[in-house]
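Okay, so here's just one chain, in structure tokens, the form predicted alone.
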């Protein structure tokens, strides 16, 4: 079943995904097609709740997908594998085959690939040219670039890591940017002046989908009830591409930094304990996160809280990515620029100044919705 076409007067918005053939990106593209066709409800999408009614967000039917990737597995085949693994509903890939093929046709080679002799400026120019060509050919009013690729290690030295090359290309092409990963992206010092000069909205980093989401709720609970945390330790069992990339200790350290920061911000200090990440390929796109929280109650009574979160990472992330694409597109349309701190609700390590507790972040997001309603927009 094909989605109803967007109105001819409705602006068409590009969603350019870095890591466009990965599990998260495939679920985003398949999910948007399924929602547009009315095959499934928008579960998990905050932008589809009453909070964002009348905010002028682009409709799901107006989104046009493309992206960069270094792998060549076609999206239809990737979607079939995700359906076989229980990530996508049975039969969905065949129902939205045309949409998957259309998006796959808009995916361009990423980099740097092994043997690539281009320098950083040449790579940035090539990536930016892909973005400008996407806008021109598809008649888009704007493109939001979202990094949903596997986590990379923190950079060493002055060389730009791949995530920062893509972020620089987004700036050069005049595209707002979202970093849904803990990778460096726009955080590289070499991009600071360019980010200011571009006057584009941006958000990130590291999407908050599971263990840290729970921590951002439980941390404030302990603080507000004046219960003393003695230690907070955790373990993550991950499969899929994320598990493989996080088997690298340097990449895992980048991931864990955001998890630990949430506790330090909500509790006032980082408690004892660490988060361990184990790659378990047999889990595929599923993950299990376990936390062990030791705390003291009245008169020093020692107690324990343990939590277990089992979920599908791609299904948790995809609705957030769609939310962010719509929100950042609307912010760009309205002329906003710089870090969108009100979107901290979605991230472990939010850009800009803002609270770390989920309840306070939701209140800030609600305030952002009110702000969007009052801002000018294009004729729809």
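Residue numbers count along the first chain shown, from 1. Model, not experiment: these values are computed from the prediction.
From this point on, the text means the form predicted together with another copy of the chain, which you will not see here.
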Ok, 135, 191, 267, 283: which has a heavy atom sitting within 4.5 Å of another copy of the chain in the predicted bound form?
-> 283
Exactly one of 86, 139, 74, 109 comes within 4.5 Å of another copy of the chain in the predicted bound form through a heavy atom, and that residue is 86
Should the three residues 334, 369 and 376 be counted as contacting another copy of the chain in the predicted bound form, with contact defined as a heavy atom within 4.5 Å for each?
-> no
Is residue 274 one of the residues lying within 4.5 Å of another copy of the chain in the predicted bound form, judged by heavy atom distances?
-> yes
Answer for residue 301 alone: is it within 4.5 Å of another copy of the chain in the predicted bound form, judged on heavy atom distances?
-> yes
In the predicted bound form, residue 259 touching another copy of the chain (heavy atom, 4.5 Å) = no
Close approach of residue 346 to another copy of the chain in the predicted bound form, 4.5 Å, heavy atom = yes
Listed range touching another copy of the chain, judged in the predicted bound form by heavy atoms within 4.5 Å, from 144 to 152, 109 to 117, 220 to 228, 162 to 170 = 220 to 228
Output the sequence-ordered list of residues from 41 to 79 with at least one heavy atom within 4.5 Å of another copy of the chain in the predicted bound form.
-> 43, 44, 45, 46, 49
